[in-house]
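Coming up is one lone chain in structure tokens, specifically the form predicted alone.
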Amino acid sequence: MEPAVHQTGITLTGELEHDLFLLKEKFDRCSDIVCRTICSGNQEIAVAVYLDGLVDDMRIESELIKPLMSQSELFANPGRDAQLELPLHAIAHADQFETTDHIEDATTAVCKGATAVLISGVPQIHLAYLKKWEQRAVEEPITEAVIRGPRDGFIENLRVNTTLIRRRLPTADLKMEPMQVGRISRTELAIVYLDSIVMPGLVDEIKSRISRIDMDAVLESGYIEEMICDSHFTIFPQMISTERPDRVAASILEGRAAIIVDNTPFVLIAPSLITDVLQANEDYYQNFIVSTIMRWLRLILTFCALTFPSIFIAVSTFHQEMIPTTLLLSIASSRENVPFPALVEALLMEAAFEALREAGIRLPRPAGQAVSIVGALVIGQAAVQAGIVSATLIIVVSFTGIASFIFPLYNQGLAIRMLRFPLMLMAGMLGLYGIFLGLLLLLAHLCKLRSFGVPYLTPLSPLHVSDLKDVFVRAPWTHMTKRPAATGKVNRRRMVKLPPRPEPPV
């Protein structure tokens, strides 16, 4: 067998000691590298090299080492062909098996959980994938809990996540194209879509944008989301980030594509539209009338979460004539001892509320609950008694805080929460005119926004009348026979209209 020379000039000779030295040199000062020598009698016939903690030790023993030792008679009088066939036969039970003569490729594979097998007299490295490492069980996602619906959520393993989607869409039409990003992390990801439904050009555009990423490491899907979105200068998410497989499957059925990134439970969906703020998974599992009422409640609370504090500032500061006299007297009496204007008072309380919410999230769960109780009851009551803020504003901030919890997706709610502050400033300077001006600027920004070429306000602007049945209302399934026009252009028909209902027997 001729020595193999790869591109960097490092030569594999088939001599165990030499080839093992080349491989171990790459893992110098790596204490978790394991080299297991396999002997037949007094002769060293092979060496298995792997990283401790990434492989299944039991399977290496039973499916790699023992089969190699059972073939030891071939090493006693090996022929050239026998030497090449031997490892293929011995490692046939591995999850994945491949051969390389590149040290760099072998090093990368070992870092990903492969076991490199060096065989005496063979100037190649055989890679057997017998991975095993600890991972979280599939459980209900914390950020997207539902009363009715599936309880499984994505975890940090790419293959488990693709399986959760495949179970819901068991068809060969479901494509999963692999990619890799990150020079050091070499993070694996998969672009998932239905080939006969996906929006034209969407997958190519996603692949093109991802292929332009050149950075050291991608540790979470948020890295990719920020680098492949259409516009960086916006607070609105241009991709859906979800932990729920049913939401991903439903989006794929609408003609969208998903990006599953290894080592994170958050899957990206593109494109994202403004109407996603209103749509929760449960809307499609419950009665459509109830879902429509809940969707309107969500719409009203979204408006409240965005504008309620600013309206209070504007009305109490510039437009007192709009408040009934009794209520005006009540507000005035509650603010009698407060030394700050309404704007400062509201900014202080909103900032305190956001601080308490962030502290409650970051702290351990028992401590987080304690902080929330202390913040809501003790600090709020004490602030009123000390005359720092008024009781009326406490009610306004509390209602706004509750309203900001209704968003089905966390990052979309985050955008609405942050937009409250500039609106409050504009209300404090210009009153209701400031609020209208702020909302007008916000609308202009949303009109300009795109998500993978799709206008963010679709189907409201440009108007798609047929898609409105799933925006402000949730029409019965029997009436949603077509996919959304913006993403389901290739195959519009979602279902065949039901035949007339048969008459019940008399």
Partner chain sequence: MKKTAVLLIAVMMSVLLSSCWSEIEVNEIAIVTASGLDLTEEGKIRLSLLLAIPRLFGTGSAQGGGESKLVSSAGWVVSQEGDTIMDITRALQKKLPRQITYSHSRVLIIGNSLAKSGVTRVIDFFERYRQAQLISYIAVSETSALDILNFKPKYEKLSSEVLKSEMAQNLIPSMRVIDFLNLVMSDGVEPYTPLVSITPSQQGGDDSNTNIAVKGIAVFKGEKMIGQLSDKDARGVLWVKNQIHKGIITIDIPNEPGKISAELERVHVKRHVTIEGGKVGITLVIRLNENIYENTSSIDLDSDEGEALIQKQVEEAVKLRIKESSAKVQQQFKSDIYGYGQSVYRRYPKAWNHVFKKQWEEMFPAIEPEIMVKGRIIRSGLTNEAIHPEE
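Positions refer to the first chain, counted from 1. None of these values were measured; they are calculated from a predicted model.
Beyond the structure shown, there is the form predicted in complex with its partner chain, which is absent from this document and is the topic of what follows.
Visitor: Within a 4.5 Å heavy atom cut-off, is Leu328 in contact with its partner chain in the predicted complex?
Guide: Yes.
Visitor: Is it the case that Arg335, even though its partner is missing from this view, gets within 4.5 Å of its partner chain in the predicted complex, heavy atoms only?
Guide: Because a heavy atom of Arg335 falls inside 4.5 Å of its partner chain in the predicted complex, the answer is yes.
Visitor: Please run the contact check for Leu437 against its partner chain in the predicted complex: heavy atoms, 4.5 angstroms, yes or no?
Guide: Yes, contact at 4.5 Å.
Visitor: So in the predicted complex, does Leu430 come within 4.5 Å of its partner chain, heavy atom to heavy atom?
Guide: Because a heavy atom of Leu430 falls inside 4.5 Å of its partner chain in the predicted complex, the answer is yes.
Visitor: Counting only heavy atoms and a 4.5 Å cutoff, which of 422-430, 200-208, 255-263, 220-228 contacts its partner chain in the predicted complex?
Guide: In short, 422-430.
Visitor: Tell me, out of Thr302, Thr317, Thr292, Thr234, which residue has a non-hydrogen atom within 4.5 angstroms of its partner chain in the predicted complex.
Guide: Contact with its partner chain in the predicted complex is made by Thr317 alone.
Visitor: What is the one choice in Leu441, Cys39, Cys447, Cys30 with a heavy atom within 4.5 Å of its partner chain in the predicted complex?
Guide: So the residue touching its partner chain in the predicted complex, by this definition, is Leu441.
Visitor: Is every one of Glu321, Pro324 and Pro341 within 4.5 Å of its partner chain in the predicted complex, counting heavy atoms?
Guide: All of them do, each having a heavy atom within 4.5 Å of the partner.
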